Structure formats: structure tokens, C-alpha cells
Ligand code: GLA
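First, one chain by itself in C-alpha cells, the form predicted alone.
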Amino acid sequence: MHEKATSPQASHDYIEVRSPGRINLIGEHTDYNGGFVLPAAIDKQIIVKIATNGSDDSCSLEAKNLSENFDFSLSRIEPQSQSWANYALGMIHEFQKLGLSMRGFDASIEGNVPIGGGMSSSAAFECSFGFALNAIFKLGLERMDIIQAAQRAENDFVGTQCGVMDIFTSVMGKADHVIMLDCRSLDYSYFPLQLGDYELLLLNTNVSHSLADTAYNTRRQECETGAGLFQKKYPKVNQLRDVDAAMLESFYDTLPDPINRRCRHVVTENLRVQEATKVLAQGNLQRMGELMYASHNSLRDDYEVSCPELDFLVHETVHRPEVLGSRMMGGGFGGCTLSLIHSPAREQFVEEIAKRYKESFSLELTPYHVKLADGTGFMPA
């Protein structure tokens, strides 16, 4: 169902590529620990339009949603104060490191993936931009090449030590399916998401966050510290992915706080992802909801990446029978909650919770009803 990273459109001097945002049903902060995740691409996307301009070196970018422009030279690629441009420049930088040749172009970027909403607008931007460059300059890259280049760009050029999940999902998504992804081996399987009378509802706190400016990188360092401590007792441990429940229990009290709690989140979250694939296959949505609540509690208490706004929205659902489960989604410190809700009750639920949210935080709540979509692809010619 996925076309290759190259396309018949590559013979033209104008290319238009779309790449979706993503949700993650469960499995948060496990990806950069080599663990398991259960994400899906959604029907919100970033679109990159690109055309060659006849120059050997001069390029321009237009961020239509921001009404901003950025001009640069291919011979001088370096991080910029216009942070959005760094996602594009990082991809160019990675392609240049691979010895790939490009020339002058003009590109525009626009879309409807909310910035700061935890739906990975940055990954969607990187992937659509990378695919556009690959196609228009016939670079010969495969999908996995672009996935890996995008992760390096975000880690090394942008400076966010993210895992591979967001980028992989944006590229490899499949309509009406979630992806069970092993973030170490990149082995993956598609699972149909059959919710019956239920649906996935995102509630955006509208609390802004930038992963590069939060404790995201600190959490990654804490996990690496924890893995190193485990490795001294269990030499086969390379990442927290390798720690099982019995090892955690026997070693937990030996670890310093908060390292012990960071490790506990990752180990238990991996187990929740693995159980989630089983209960979804069984159609056991009740248990899926319980796993979502357990995930949020772990992210709040052990990983400490939640915030009052997210906690409020999850707590508001606990005693509502129309909601089977809810949790914060994404890096944390803002963004969205993801809830599994009975479809006929959605409208009234949103109206009531938005009112209470505004009363508590003086903020508007933005709901998103999302459908699961295909990954990165070319727009119709």
C-alpha cells in the first residue's frame, strides 16, 4: 500500500508531498529506550510544495501558517533563530552528509497539525520535506533512509533527543490501523483499530510546550543512567528495554530516586503496550481503557512529565461511564489528552468538560476528532 520514496512525479520540476501527524494509543517515552509503542498516523497533515528555481545554491522557505519566510544557501547550512526552519535545514544537512547533491529550490510549508499539541507537527514537517527533496532531486532514498535521516536531523541539528516513533509513524502509517513498533529493531506490525461505538478524542490543553526546552532531554539522560546502573548487575542490559519486571523489582530499592521511578515507568509502559495489542485483538476496550489510565498515572507520578492541565482533563473522565480510558499523550508538559469515548456522548462531554476547564484555568479547550490515515505520500498531480 506504500509507494516508494520516489515517485513518477519526480520527473517534474514541481512536487507536492503530504505527511501526517500522529497519535500514540499507548507507549510514551519508551521509544528512545528501545522499547515498544502503539501509534497511528492521523488525518491531519503538513504539506510541502517544492520547485527548483534555476539557482545552484539559493533557496527559500515559506511557512504559510506562520506568515514567515527564510532564505538561505545550500553551501551554508547551520542552525537558525527561526526555529521552524531548522527542521528543513536539518534534513538538508543530513542529505549533504550522505554526499547527495541538491540545487536551488523554493518551498512552502502549510498544514493543520496543531503546533505544540503533541501530534508531532515537527515529524510531519521533516518527513514531507525529506520526501519532497528526495523526489525532486532524484536522490534515490528509500522510506527507511528518510526515517533515519529525520531522526538524526532532530537529534543532532534541532537538538531534541527524540526517539524514532513520531517519524516512523508519519512515514509508515496505515488508514484504520495502529502500528506495533519495536523501536530497537524497527520491526512492526499493523493492527486494525476496531472501536465499534467508541472513538478516539483528543483534547488540546492549549498549553504551549517545546520539547527542546523542557525536561525531555533530561529524562532521556536519566534513563541512560538507569540502564547503566542495571548493566553493572545485569551485563546484558543495554537499554531499559532489556529490563524485565523481576529485574526491576529486585533492583528498585538500590537505585537512587528519581532514577528508580523513571526506570519503573519505562518497564511497566512496555508491558502495557504488549498487553494492549492483545486486548485490542480481543476487542476488550474496557481493559484498553484501564491500560490508558495506568499509563497516565505512571507518566504523572513516575516519569513526571504531566502538568496540572493534563491531570485535570484525565481526572474529569475517571467517573464518567462514557469514557473507558484517558491519558496524556506526547512528550508532556502540555499538549493533548487522548480519550476512548462512547461516540454518542462526545458532543455533550466536550461541552461540559470545556466549561469546567475554562473555569479552572481560564483557557479554551480544543477538541479534535481524528481518523487514522495513511503515511507520507505524494499529493495528486
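Numbers follow the displayed sequence, beginning with 1. Nothing here was measured: the structure is a model prediction, and the numbers come from that model.
Below, we refer to the form predicted together with alpha-D-galactopyranose (GLA), which is not included among the displayed structures.
- In summary, among the residues 165, 201, 227, 291, the only one with a non-hydrogen atom within 4.5 Å of alpha-D-galactopyranose (GLA) in the predicted complex is 165.
- The shortest heavy atom separation between residue 331 and alpha-D-galactopyranose (GLA) in the predicted complex is within 4.5 Å.
- Residue 335 falls outside the set of residues with a heavy atom inside 4.5 Å of alpha-D-galactopyranose (GLA) in the predicted complex.
- For the chain shown alone, residue 216 is a contact residue for alpha-D-galactopyranose (GLA) in the predicted complex, at least one non-hydrogen atom being within 4.5 angstroms.
- Taking the partner from the other structure, alpha-D-galactopyranose (GLA) in the predicted complex has no heavy atom within 4.5 Å of any heavy atom of residue 44.
- Residues placing heavy atoms within 4.5 Å of alpha-D-galactopyranose (GLA) in the predicted complex fall in a single listed stretch, namely 22 to 30, out of 349 to 357, 22 to 30, 313 to 321, 45 to 53.
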